[in-house]
Structure formats: C-alpha cells, structure tokens
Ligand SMILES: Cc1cc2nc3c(=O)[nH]c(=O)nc-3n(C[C@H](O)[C@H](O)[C@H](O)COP(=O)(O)OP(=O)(O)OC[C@H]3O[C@@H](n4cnc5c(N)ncnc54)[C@H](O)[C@@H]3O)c2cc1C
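One chain comes next, on its own, written out as structure tokens in the form predicted alone.
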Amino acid sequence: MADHDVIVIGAGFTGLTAATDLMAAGLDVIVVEARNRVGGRVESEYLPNGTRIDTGGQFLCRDMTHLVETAQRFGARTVFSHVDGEQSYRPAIPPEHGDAIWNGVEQLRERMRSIDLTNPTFSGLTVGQWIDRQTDMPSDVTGSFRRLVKGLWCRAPEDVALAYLVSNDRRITNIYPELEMFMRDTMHALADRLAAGLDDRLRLSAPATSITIMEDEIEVDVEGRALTAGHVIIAVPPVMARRIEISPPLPAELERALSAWEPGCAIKLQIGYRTPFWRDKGLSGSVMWSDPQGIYACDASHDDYFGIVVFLGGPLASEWHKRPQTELANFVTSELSAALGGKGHEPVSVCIRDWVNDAWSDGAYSDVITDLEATDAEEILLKGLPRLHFACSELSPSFPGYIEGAIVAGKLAAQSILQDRE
C-alpha cells in the first residue's frame, strides 16, 4: 500500500496550492522541496535595517484574481506601486517620443497575438525572424519590441519559438498594469503563510532525484529514501523536471516535450535610497532603456523604504552574470543617476539576486520553448501520464510565467487528481 495519496515535488506556489487544495479534500499529501525554503522563484531577503524585500517574484495586478484571493485569505496587505510622474528613457528622449514608440510596440504585440498559427507562412519561425519581416514598422519600434521580448521572456528573440510566444502572450490577459501592486510584507511572506498550513506535510532540503512508475503506485526517491504514492505532481519548471530520472523512460513524445524548453535569464536588483528624490523632479521612477536592451526599472517604495527595483533580462543578464556584482551595482546606479538625478549613485542599500543558472530553477522568470518544431509541447506535458502530472506556471492556461499562473496550475493539477479518484 502506498505511503501517501499524493507526493508533490516542489514547494513553489504551484506545489503549495496543489497540496493545500488536495489536503482540503481529505487526501494524504506530502510535499518535498529541494531548497531550504518555500516559494520557488519567489524569495526574499532582509536588509540591515530589518526591511524585508522580495528578491524574486513580487508584483501582481487586480486581474490576477487567484493571487488576489490568496492574499486576502491570508491577510496579506497589498501596496499600489507609485506611478505618478513622467517616465524616464535611456538614452534620453522626449517623453512624447517614448510614448509613441511604446504605442507602436503595443500595436506590434497585438499583431503578433493575432497570427494564425495554422498558416504555414509562420511555421518554424523564431520571434526574431518574425520581427525582421515587420518592415512597415519604424526601426525604433521593432527595436523596442526586441527589448520587450528580452525583458519579459528573458531570452533573445532569436532563441524563442514564435508559435510559443504567440500562444503564451494570448494567455496574459490583464487590463490593469502587471506591476500595479506588490505585497507590503513581501510575496515570499505569502508563500510562507501558505506553507504553514501544510505543517509536517512539508519537507525542505529534500530534493527528489528519481521517480519509478509501478503498476499501482509511484515511488519517489528523496535523498536515498523511497516514498510511494498513488499520484505524483512534478510542480517544477520543465527544465528542472527533466533533471529527475524517471523509470521506465518516458514516452518519446513526453521526452521531446520536456527537452523543448530553455530557462529564462534574469537578474533583479533592489536599490534603496534615503528619499524618493526622483519624485521631486516630477519623475515616476520608471525607466525604460532602449540601449542596452533588456533592462527596466520602477519605483518599489513603501512605508519608510524608498527604492527602485531594476530588472535585467535575456542576453544582458547572461553577460552580467559573468561579471563581478560590484561592477553591476556601479553600472546600475550610474544609469539611475543619469535617468533620475544625481543622487542615483548614492544608494543606502543594494541587493542583487542573480537567477541565471540558479541551482534549483536554472533561471527566471519562466522557461521558454526554443524548439521551433515543438508546437504541442505544452499540451503533451499537461496530459502527462496516468498518475504522473506535470504542473507549473509555464503550462498555465492563464498568466503563464507569473505567480497567478503558478496558482492556477496548482489548482488544475489538484482538480485532475480528484477527478481521477472519483
């Protein structure tokens, strides 16, 4: 007889949500997590003054209803991001010019979303190749669209399969800005509260190394100890899922579906200041760079913490990953000084979280499909195998690559198991 009804591998928001829903339905569930903490790509750090800041996933908006509901259920307080004032551009351009470029990028994004993927004209294309075909668009618009891909999907457009990005972006359906809000006491604190409900059902520092599928149960090896269950949810990104040895070998189509992905490359910085000096100049704290591509900044202040969060994505993050973090801090504060004013190079705190080649996620914010022929990889992974389920934000039908998507994926995995048991 199996030890448990369900084993969940991974304690990010997907795994935590799935386990919570299954336990609420009366199932015996255990969650094993390789890290010494919960949250996956959501984590936090304390500054010397005691302020807790998110070093991973942080933002949400009102359209992300499952995440909003989870926050409300656990009493987490949200803060609206400061957006009053003008946006800054690097290199500097007039705001009206920047707005015009952004409007063009949005038009190009809508054009991409409307592509008929059954049209053979678009088969086997990378996003970069598709951009090259948009010759009716000004070069500053197509260049900024490339920047958007690097910043949001954290890979070069030449790496990303067009079919994947079209499908992925269609599922990001927010009306409110994606960076509309964040948690006052961090998103990671919300993950901690969700995990607290699991009690002794959660095991940290317990990586799953192999899975053996047997006739009536599945065995998971966790650091040399065998655990068995009727169902297993692999609640980690595809790149990490394929590191788990599965016996007997997965069917060829599942192997191909797992191998279609590569990790995103991202670095996040939180730069703290004594005062929000940029507001004195009528600036919002939001900065968009056209050169170098793949960097964005916005105001992340709350209470008596005044800070700018800076994101580096794609090739730019990969390049800085190879260089000393002191150089990166100097580069970013120098850029902020040029964009926001002279005090930008006088931070009181600098926190850098490099997610490139992370030990237990291999990247951020999301894995992306780079195999141009793998147009059904997500569908195949969602189908999984009897009693073996793949679940992660990347596969979510809503807000893939976001915390909202992770929660949705966890709920769907739990529903699938409950239906199987009926």
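For every residue, the number given is its place in the sequence shown, counted from 1. Remember, predicted model here, so these are calculated numbers, not experimental data.
Quick note: we don't show the form predicted together with the named molecule, though the next part is all about it.
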Review point. Heavy atoms within 4.5 Å of the named molecule in the model of the complex: which stretch among 315 to 323, 275 to 283, 256 to 264, 205 to 213?
Key: 205 to 213
Check your understanding: Is there a heavy atom of residue 308 lying 4.5 Å or less from a heavy atom of the named molecule in the model of the complex?
Key -> no
Exercise for review: Decide whether residue 32 counts as a contact residue for the named molecule in the model of the complex under a heavy atom distance cut-off of 4.5 Å.
Suggested key: yes
Review point. Taking 4.5 angstroms as the cut-off for heavy atoms, does residue 232 touch the named molecule in the model of the complex?
Key: no
Check your understanding: Should residue 58 be counted as a contact of the named molecule in the model of the complex, where contact means heavy atoms within 4.5 Å?
Key -> yes
Check your understanding: In sequence order, which positions of 261 to 297 have a non-hydrogen atom within 4.5 Å of the named molecule in the model of the complex?
Key -> 268
